[in-house]
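One protein chain, two forms: both are listed below as structure tokens, the first as structure 1 and the second as structure 2.
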Structure 1
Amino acid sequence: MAAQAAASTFNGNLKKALAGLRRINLDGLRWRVFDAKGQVLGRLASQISTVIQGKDKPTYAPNRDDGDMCVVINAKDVCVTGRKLTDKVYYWHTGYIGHLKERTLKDQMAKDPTEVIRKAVLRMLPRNKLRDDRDRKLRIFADSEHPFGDRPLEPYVMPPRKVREMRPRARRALIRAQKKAEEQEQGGNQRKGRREGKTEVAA
């Protein structure tokens, strides 16, 4: 406890970070640290959800919650592909008629970057009675400071990305684009050669 008080140079809401830790019974659990910097949002959330459910342990049982505690840092540095930054919209309905609210990913990151990862992970967990307890095991921090420094933390190494083979049409398009880029370079070189030749002729 003294160590925790000393390690609170962490100025975020310490109360929220330590909330509900008493409710989580077992401490045979490990504390895994996920670094979200440069990770794609959905792929990271998928790995987090498997760890939180405890599905990476051979003692998995579906009726009890045995997942590890997950600490996610650098939540504001998470990446998305495509145009999702402006086009991914979070919808929710307040219950009143006509009040369907929406917020884009960009605005959500400005408001509270931890909510993006939390929503992603929560929506990947199975919808059963253990979902709230699993939510309590997930701690997300926007930057790389966290008050759990005195616990035995284990960094999580993301598995290498499996990319499927490109479909034939996409592959041909890629080859065409590469050839075009090469021809443009060669065309540039030829033009430079011609200009030098002309100046030589003029001189």
Structure 2
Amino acid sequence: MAAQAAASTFNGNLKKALAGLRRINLDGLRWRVFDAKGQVLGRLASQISTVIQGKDKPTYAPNRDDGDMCVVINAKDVCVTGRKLTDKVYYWHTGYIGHLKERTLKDQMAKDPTEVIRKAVLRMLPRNKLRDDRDRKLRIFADSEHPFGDRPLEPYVMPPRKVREMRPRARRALIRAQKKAEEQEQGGNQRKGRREGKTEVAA
């Protein structure tokens, strides 16, 4: 009953959202929820691929599929750095001569943003027999709505971004630039004071 109630409130493609669940052994699996809003595409995909392979567990083995279920929401709000929105291009071939198709990341986000995250995650997984089973454990939704409200969901907390310390040469250059800017401001203030003094004397 709870599953039917959660599914009834979902407005998306329910058949696609629930496809392949019967082929997954859900006993003992955790349901991890990833909120893609404001997250960088590559960093999010790397965390999802780690969880979906079970690499965050001490019982990980490369020949077993011990990964958890991953539910990704707000896929349409994922971010990219640099000029990837226009420079990144997806290619595929229809099989006919000269039919090489291409689509930019911007067009793919407008067409189906869930496919962007799916491609990023699947290309981080090893190409073996476990790939299809891991793909079934990945459920991506463009908005915040999903039909798994009756499951014991656990929000995944993204690790803090590690920013590399500035190199000594760059740090010295930054300090010199700051000092130069301060000197220019002080010089400008002194010039203004001299001009005001001259005007007072002239008056």
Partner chain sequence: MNKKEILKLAKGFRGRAKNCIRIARERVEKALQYSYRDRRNKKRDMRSLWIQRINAGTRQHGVNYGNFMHGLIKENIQLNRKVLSEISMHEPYSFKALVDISRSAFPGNKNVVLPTRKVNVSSINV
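Owing to the predicted nature of the structure, the values given are computational and were not obtained by experimental measurement. Between two forms, the rigid core is defined as the largest C-alpha subset superposing within 1.5 Å. One-based numbering along structure 1's sequence throughout.
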Pair member which, unlike the other, is the form predicted together with its partner chain: 1
Quick check on residue 82: with the core superposed, does its CA move 2 angstroms or more between the two structures? no
Taking the rigid core as reference, the Cα of residue 185 travels between the two structures a distance in Å of 7.7
